[in-house]
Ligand code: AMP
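We begin with a single chain expressed as structure tokens, specifically the form predicted alone.
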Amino acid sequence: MLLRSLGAGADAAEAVEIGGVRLTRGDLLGGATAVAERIVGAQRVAVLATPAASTVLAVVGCLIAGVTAVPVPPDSGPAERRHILADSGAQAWLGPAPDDAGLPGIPVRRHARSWHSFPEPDSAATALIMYTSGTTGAPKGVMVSRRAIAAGLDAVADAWAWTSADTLVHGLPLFHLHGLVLGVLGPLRQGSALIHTGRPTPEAYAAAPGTLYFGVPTVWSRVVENGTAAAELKSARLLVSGSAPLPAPVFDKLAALTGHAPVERYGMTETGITLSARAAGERRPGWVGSPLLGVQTRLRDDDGADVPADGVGIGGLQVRGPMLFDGYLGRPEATAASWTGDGWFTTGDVAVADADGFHRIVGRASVDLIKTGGFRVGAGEVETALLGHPAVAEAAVVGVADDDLGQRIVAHVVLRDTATAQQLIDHVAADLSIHKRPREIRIVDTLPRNAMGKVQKKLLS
């Protein structure tokens, strides 16, 4: 059973707190089953994924009924919503809908209850269609099976020693892997309670009595700037960071203020979580750990040859494992192009691996691997060096076309104190090899980020 905790234990046990609403296991099972009765026989329904009890009931109702849920970002614009609805073939909105709904609506009534028994759907059935960010064109629908979700959640539970005794706290959006699959379906599989804080503020995290906390680097950066909030997390068991690289200075500050070195992990919508540090294991700043249960990885160079696991060589990261997706909806060419002939998924990220199986993600091959003057430079390494300067609050490094170097290293920097461009360039040159220094520093007020806190480097020229 995918959400096995709903069929076991005391019905009065608290399962989810979200948007000021508390749902026991009995509330959730009865309410979601009432949803399932209203949609049984449908193929796909859209869910406006607001941080609300209605979203949780809608998605769980879909899983009970064996109907594919299509989470839609609540801040998506009309054009993006129209694309998602048309591309997915969603037949209705389940729960609240935007003003320009475009489809009939099926209400989700929080106090409705049903105890009808539904057979467990086929494990190969598509549970979710989640849409990519669309950085290289229109967003693609990622088809994720029930089997893949179960395998992925069991693998992270093994790595993080996640049990029913935990209480998970996070305030992440519910339309993607991190917030919805790990952050909602994870607790419902493991039997742990969930407190969703609405927004992931330091104050909200500090006020929530949890043992396991999920955050993206932007969240943890704000936590370490709030000493009072950070101190409240000392009683936690595990702090987990993902969805973007955690700057090494933030890692160090978080460890110093809370007593917990954060667990970093790596995953994609298409792959689930495939790499992670362990609850009972080494945690290194800037490294995302080793392959999870059932996962294999390899690095390949531009010619398709193996890159040795020596902690230095950079290569394209390829993975395989039971938590990977089934393909892009309606896009057989894109699906085929993302897999190698011998069955490995090409992530599009470049990484380094060492002899112990630890991986460091350099970044996206398209924007984070800079080829300058005959050298291959990872943007993340330069960003980490810049963040080590006391005047630098944020940094994003890109490669810009250059007639002489091929690409020159350009850093976009948000300052918290006064510093000159030359001082920052000299700082990197003293910390790293001289060829890794930025050739240009651009001081900016903010960096463009998406809903998950990832810097949108394609907007930086």
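These figures come from a predicted structure and were not determined experimentally. Rigid core: the largest C-alpha set superposing within 1.5 Å between the two forms. Throughout, we count residues from 1 along the sequence that is shown.
One more form of this protein should be noted, the form predicted together with the named molecule, which is absent from this view; the next part is about it.
**Q.** 237, 376, 278, 113 - the one with a heavy atom within 4.5 Å of the named molecule in the predicted complex
**A.** Contact check passes for 376.
Q. Just one of 206, 268, 151, 299 has a heavy atom within 4.5 angstroms of the named molecule in the predicted complex, so which one?
A. For this set of options, the contacting one is 268.
Q) Only one of 302-310, 237-245, 159-167, 99-107 gets a heavy atom within 4.5 Å of the named molecule in the predicted complex; which is it? A) Answer to the contact question: 237-245.
**Q.** Interface membership of residue 192, the named molecule in the predicted complex, 4.5 Å heavy atom rule
**A.** Taking the distances in the predicted complex, the answer for residue 192 is no, it never comes within 4.5 Å of the named molecule.
Q: Give a yes/no on whether residue 371 approaches the named molecule to within 4.5 Å in the predicted complex, heavy atoms considered.
A: Residue-level check for residue 371: yes, a contact with the named molecule.
(Q) Is residue 88 part of the interface with the named molecule in the predicted complex - any heavy atom within 4.5 Å? (A) It does not: once the named molecule is placed as it appears in the predicted complex, residue 88 has no heavy atom within 4.5 Å of it.
Q) Would residue 295 show up as a contact with the named molecule in the predicted complex if we use heavy atoms at 4.5 Å? A) No, no contact at 4.5 Å.
Q: Output the sequence-ordered list of residues from 289-307 with at least one heavy atom within 4.5 Å of the named molecule in the predicted complex.
A: Heavy-atom contacts to the named molecule in the predicted complex: nothing from 289-307.
Q | Displaced residue check between this form and the one not shown: residue 199, CA, 2 Å or over, core reference | A | No, shifts by less than 2 Å.
**Q.** Is_shifted residue 294 between this form and the one not shown (CA, 2 Å cut-off, rigid core)
**A.** No, the C-alpha moves less than 2 Å.
Q: Over in the other structure, so in the predicted complex, do residue 305 and residue 374 pull closer or drift farther apart at the C-alpha level? The difference is 3 angstroms or more.
A: Distance between the C-alphas of residue 305 and residue 374: longer in the predicted complex, by 3 Å or more.
Q.
Since the Cα-Cα distance for residue 436 and residue 304 shifts by 3 angstroms or more in the predicted complex, is it a contraction (closer) or an expansion (farther)?
A. Residues separate in the predicted complex, at least 3 Å farther apart.
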